[in-house]
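Quick heads-up: the structure tokens below are two forms of one chain, split into structure 1 and structure 2.
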Structure 1
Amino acid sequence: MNEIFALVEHRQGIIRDITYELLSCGRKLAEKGNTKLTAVILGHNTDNFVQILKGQAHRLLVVDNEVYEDFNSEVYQTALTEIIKRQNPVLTLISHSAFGVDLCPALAAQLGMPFTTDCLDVELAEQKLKVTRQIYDGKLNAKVLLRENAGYMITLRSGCFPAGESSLDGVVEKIDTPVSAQPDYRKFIEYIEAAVGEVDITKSDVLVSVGRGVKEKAYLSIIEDFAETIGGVVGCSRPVVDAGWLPKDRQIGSSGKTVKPKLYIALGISGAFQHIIGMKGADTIIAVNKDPNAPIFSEADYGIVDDLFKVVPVLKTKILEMKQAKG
């Protein structure tokens, strides 16, 4: 089997978290297929990227030029078309992000390569690719067999492959850039970052998230006090934002933010797949819901079937007792 490619995604000089998940997925597939994983880096002043990723892949294929400093799908497509034609990987892994959704379909179409997007799982055996995707608004998982081909391309959903440790010592191979200038019809102008609210939920190690089970805005003060007590911040599911109880920058899920805290406490959240997408990467998940059949319990490490307003005061008291015992 030919090698597997994983495309490194970076923004403003920082490697995106999804890259480590792609590499984790790629290593598992490479091990099963008795082949190698190559991390493909298109960037500028890439020495830092190389040092960070050297232990994550068997080989690092590096194209260093100022034209790749910021993402431009036209430039990436032109460069990767030439690289993939020359290297012939059996599979190219790309993140399912704005980056990947812009790039993957056009790149695969140009190469005449079977592809699919938003994959939850990947199986590769005997040159055949089978992926798991969600259908019917996430109500069902479907296993899809792509038509047999020498090479495939997919985008992988964030949070499906936990970034694992690796002790590889990748061989670094630098190649000349196939592109040296951005096309006139599509150029990167500037990066404008969305304004961050009073708290940045993506940076917190402890998140207390509320859903429609909080009943009304007046009760949010109880949740905020609880979160402050345990050193966390408050996030929410979409219905809370739609009701105007919390601002959009607190929303977690496919139409909000993706978070990976050490502790995630879901209070009164049923667990629609759109919300699960945004929080399933948390280290520990505790769910409190009156409905024993709530989907959130299938993702939780610990579940409490009860009224959140009965549970929260008890949790708060116990946590304070533990803090006092530790001094």
Structure 2
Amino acid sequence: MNEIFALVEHRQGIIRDITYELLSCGRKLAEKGNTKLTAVILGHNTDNFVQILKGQAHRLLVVDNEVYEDFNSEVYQTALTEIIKRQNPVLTLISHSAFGVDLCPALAAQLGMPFTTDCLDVELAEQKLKVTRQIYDGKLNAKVLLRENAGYMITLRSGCFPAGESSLDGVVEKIDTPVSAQPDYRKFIEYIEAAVGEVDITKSDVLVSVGRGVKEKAYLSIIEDFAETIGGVVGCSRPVVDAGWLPKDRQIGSSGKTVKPKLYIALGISGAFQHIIGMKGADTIIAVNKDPNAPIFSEADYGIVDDLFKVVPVLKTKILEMKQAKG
């Protein structure tokens, strides 16, 4: 079997965590398929990356040029088309991130290669590729077979392939860049940091987080009141921000903040993986949701299947009683 490629994702000079998950998945597949894993690094001032990743792959293919410093899918696509055509990997692994979703479909389509996105599990045997994906708001899984081909490309969901230890001694191979400038039709300009809000939810030990289940802005006062009682602050899922009920800096998840509080109470949050990513590091997670099949219950330590508006007032009273008994 030909080699497996894993594309290194970096931003602002730092390798992103998902990269280690891709590499770990790639190593396992390579071992099973009796082949090798190549980490593909497109970047600038890559020595540091090479240092860090040397132990993680059999080979490191490095293309170093200014043009790769910041991600631009057009630039990456042109370069990778060249490289993949020349090297014919059996499978290219890319992260299912803002980087990967911008790149993979176009790159694979250009190469005429079967691809699929957002994979939770991968089986590669006898040149056949089967992946598991999640559909319908995470309520079902689908096993999907890709059209048989010499090469495949997929994006992997983060958090599904734990990064593992590895002590390979990767061979470093530098190649000339196929691209030297950003095209006029798509130019990276700058990063804009998210505005800093009045409350830093990442600093709080206790987070009360609300989702679309809170139904309307007016009810947030109930939640805020509850959070105050238990000495926490209010965070939320994305739809709450989209609706303008809370500022963006309260959003938890892949396109919001990552939090690791001691206690995380999820109220009316279904548990989409984009949300889970941001809060699964919490020590204790308590979820309240009316739907017993809501995926959040696969992440939480404790679950209450009920209407949050019934739970919150009673819980508040109980906690007040407890505090009084103490004080």
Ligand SMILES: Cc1cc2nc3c(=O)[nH]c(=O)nc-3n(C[C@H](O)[C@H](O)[C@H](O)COP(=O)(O)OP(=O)(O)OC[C@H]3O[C@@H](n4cnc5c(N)ncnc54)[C@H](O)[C@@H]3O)c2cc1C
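Residue numbering: sequential along structure 1, first residue numbered 1. Under this definition, the rigid core comprises the largest set of C-alpha atoms superposing within 1.5 Å between the forms. It should be emphasised that the depicted structure is a prediction, and the values quoted were computed from it without experimental measurement.
Undergrad: Does the form predicted on its own correspond to structure 1 or to structure 2?
TA: Of the two, structure 1 is the form predicted on its own.
Undergrad: Is Lys217 one of the residues whose C-alpha moves 2 Å or more between structure 1 and structure 2 after the core fit?
TA: Shift at Lys217: 2 Å or more after core fit.
Undergrad: So with the core overlaid, does the Cα of Lys32 end up 2 Å or more away between structure 1 and structure 2?
TA: Comparing forms between structure 1 and structure 2, the Lys32 CA shifts below 2 Å.
Undergrad: How about Asp169 - superposed on the rigid core, does its CA move between structure 1 and structure 2 by 2 Å or more?
TA: The answer is no; the displacement is under 2 Å.
Undergrad: After superposing on the rigid core, how many Å does the CA of Lys310 move between structure 1 and structure 2?
TA: Comparing the two forms, Lys310 shifts 15.9 Å at C-alpha.
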